[in-house]
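Form predicted alone, single chain, as structure tokens, below.
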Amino acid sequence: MKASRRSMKMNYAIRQVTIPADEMEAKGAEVIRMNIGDPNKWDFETPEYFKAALREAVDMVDNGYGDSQGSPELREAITDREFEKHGARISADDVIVTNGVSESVQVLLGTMLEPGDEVLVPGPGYPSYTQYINYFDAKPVSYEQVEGEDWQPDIDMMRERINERTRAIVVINPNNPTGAVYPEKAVREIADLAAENDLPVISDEIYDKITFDTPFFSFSRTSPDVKKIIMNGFSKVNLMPGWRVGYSYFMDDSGDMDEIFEGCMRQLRARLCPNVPCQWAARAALQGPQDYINELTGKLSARADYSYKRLNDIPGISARKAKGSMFMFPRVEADLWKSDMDFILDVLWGTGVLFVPGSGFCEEFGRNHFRTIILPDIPILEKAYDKLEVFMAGRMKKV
């Protein structure tokens, strides 16, 4: 029996590369996994009061099905957070709670797109957007984030690539995989472009509190003339990746997006509800002490500095410094491999260090790059980059 064509088109590079790494480990090799942005796999821990809230939730909630849109109490807490953070004036009725941001992406794109539609996506950008656009038989159209300008979006290219089939613009800020943070000017220019073309903006802001001496400007602050859906969640800032709680909220004074909201809700009613006890704990995470975020960003900032220096000292590698998120996106300057996937596999087999190929984040603008994480502590980063440096020196010597 054959799998559907759409399912076999899915190729989520971040986890696809774990297959050869798993095979190596099964044979007894050590693998340093620099591929997945999971803070809890390193020296970051879910705050204890979150865990206490989850333990309490199991006793306090009825453990039955919950509201398909998400618990009203959590949605109220989210509105408070977004106002405190960004001044976003939304109501709990504008918020949808999902099992991670990934479900928000899937449900929203499944609602918005018909076969042949197009969506502008950042190149490079987080691959779930392109994967699900393809899954629904639509077309992702990349706009370049310019490496020489610290990965800032090319607004002129965005304008050139909009046509009558374009249905939305996706923005990922702070950016995964580049570590870029867009300045207010760029955010407002994208908003103006969207308004000119009557397009909604889907703004993924899951790293909004993870920036390094760089201010973050939320799309929620742009003109009310711009239709927008803001994506966020608890996996990164709140150190709860395995709990799978995410959310999105709609900002649309025109009412044009009302049917899109209802289409999302029809899908979410069919999947019943998000995890009920974890929603209780997520509310506690928003309402309790937030000082752990300073420790999180302090560690990541130091590790970004270290990674930037080390990567640029390695022959055949160059990198732009991360301004936020948990990632960097170095360029492979040496022209020794047929593809970035060949490079990744050669590094893996030669060193036991696992990265992600850049083309997995954009075929057009991600080639000849790889994504690395800045999550491990300095000794582990040092070990990984020592191995990469020896590997590259050996390969360059053979040229």
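Note that the coordinates shown come from a computational prediction; the quantities given were computed from them, not determined experimentally. The first residue of the shown sequence is 1; numbering continues from there.
In what follows, reference is made to the form predicted together with a small molecule, a form of this protein that is not presented.
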Exercise for the section: Answer yes or no: in the predicted bound form, does the small molecule come within 4.5 Å of a heavy atom in every one of 142, 169 and 190? Expected result: no
Practice task
Name the single residue among 102, 301, 111, 152 that comes within 4.5 Å of the small molecule in the predicted bound form, judging by heavy atoms.
Solution key: 102
Problem - Among the candidates 207, 280, 249, 216, the residue which, in the predicted bound form, approaches the small molecule to within 4.5 Å (heavy atoms) - result: 207
Handout entry: Contact test in the predicted bound form: residue 178 vs the small molecule, heavy atoms, 4.5 Å
Key = no
Handout entry: Contact test in the predicted bound form: residue 132 vs the small molecule, heavy atoms, 4.5 Å
Key = no
Practice task
Report whether the minimum heavy atom distance between residue 81 and the small molecule in the predicted bound form is within 4.5 Å.
Solution key: no
Handout entry: 4.5 angstroms heavy atom contact with the small molecule in the predicted bound form for residue 235
Key = yes
Exercise for the section: Just one of 199-207, 280-288, 155-163, 180-188 has residues with a heavy atom within 4.5 Å of the small molecule in the predicted bound form, so point it out. Expected result: 199-207
